[in-house]
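Below you will find one chain, with nothing else, as C-alpha cells; this is the form predicted on its own, and questions on how it binds or moves follow later.
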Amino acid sequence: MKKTIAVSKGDGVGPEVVNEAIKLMKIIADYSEFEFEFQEAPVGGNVWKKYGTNLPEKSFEIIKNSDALLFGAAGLPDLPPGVAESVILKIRQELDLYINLRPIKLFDNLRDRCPLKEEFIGEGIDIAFIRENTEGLYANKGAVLNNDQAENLMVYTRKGCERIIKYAFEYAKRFKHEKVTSVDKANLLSPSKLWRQIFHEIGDEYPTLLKEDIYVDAFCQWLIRAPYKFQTVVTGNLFGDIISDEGAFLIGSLGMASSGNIHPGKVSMYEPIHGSAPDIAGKEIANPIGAILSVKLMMQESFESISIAQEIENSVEEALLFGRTVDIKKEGINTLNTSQMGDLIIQKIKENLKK
C-alpha cells in the first residue's frame, strides 16, 4: 500500500525531530504492507527569508497531492511574530482541516515527571482533546483598526459545530470512552450558547455515552485537580488551544505531545505541538517523541491502521524504561540525544512488528 508523505520540516528543532519520525516510518514500511514515498515541501521562517512567503505555491501543490503531511515546526526568533507561524493556519484553512486531535497520555513510567501529586494523577491521565480547528477567533476575521482599537470576530457556524462534535462522539465510541466533555463559555458568549445547544442535540444520538458541559475557566482548574476524570474533550478553537497546552504540561514535557490536523478522507497534517524551540535547535537534545507519536496518529486516522498505531505507542512506552531525552531525564536511566532516542524507539518497534 503506497502512500505519499509530504514533509515540511520547518524551522528550529523541526528538522531534527521529523528526521526521527521518517526513520521510524521507513522501518514500518520494512515490516508491513505500507510503502512510503517522502516528498519535501519546504515551509516556514527560513523559506520566508528566501522567497518572501512562508508557503510557496510549489510546496503547497506537493502537500495537496499527498496522502498526508508530516510537519515539524515553524518560527524563528529574528522574525516578527506570526510571519513564520501563520503557515500552520494557512494550511488548516486551505485544506479545511477542521479537526485538531491532541491526545494527552501520561505513560506509567513517566509519572515521576508529572508536576501533580499522586493523589491528583489518580488512575492516570489519558485524554483526547478534540478542538475545532477552522472557526472562532483563529479564523482571524478582524483587524487593527487604529492605535487604540483592534478586533476579531468569534464566529461559530452550525456546520462547523456539528461536524467537530459529531467527530468527538464517534471518537469516543471508537475508543470505548464512557464520557464526552464539552468545554465552552455559554454563560457569557453567544457562540458558546450555540455550541452547547448543538452539543446536546448531537449527544441525544448517543444515549449510551455520558455527557457533561464545563465552563472553560472551571475546566482549567479541574484539569489540575482531577485529570483522570476526563476521556474525550471537545471544544472550540481558542479554548482548545489553551487547555490542550495545559494538558500537555501534565505528561512530562511538551516534547511528548503529538497532534493531528485532520479532515477525514482528505489530506491531513500531523505535527508535534512543541514549536520550533530555537534556543535548543542544533544541539541534538530535542525530544522526538511528539513527532513519532504524530506518526502514530497518522497511521490511526489517515491510514486506518490501529494495530501499527498501537505498536508505535507501545514502543515509545517500552523505550522510556531504558532512555530519555534531557527534558524528561531521570536518575538511573540513560540520558539520550535526539537521534539516540529515535533509534531506541526504532529498536523497540522492530521487535514488536516482528512478533
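Numbers follow the displayed sequence, beginning with 1. Model, not experiment: these values are computed from the prediction.
As for the form predicted in complex with ligand IPM, it is not shown, yet the points below apply to it.
Looking at 158-166, 276-284, 205-213, 85-93, the stretch with residues near ligand IPM in the predicted complex, meaning non-hydrogen atoms within 4.5 angstroms, turns out to be 85-93. Using a 4.5 angstroms heavy atom cutoff to ligand IPM in the predicted complex, all of 131, 138 and 241 count as contacting. Think of it this way: in the predicted complex, ligand IPM has a heavy atom of just one of 102, 105, 113, 177 within 4.5 Å, and the residue is 102. Residues are counted as partner-facing when one of their heavy atoms sits within 4.5 Å of ligand IPM in the predicted complex; in 256-284 only 271 qualifies.
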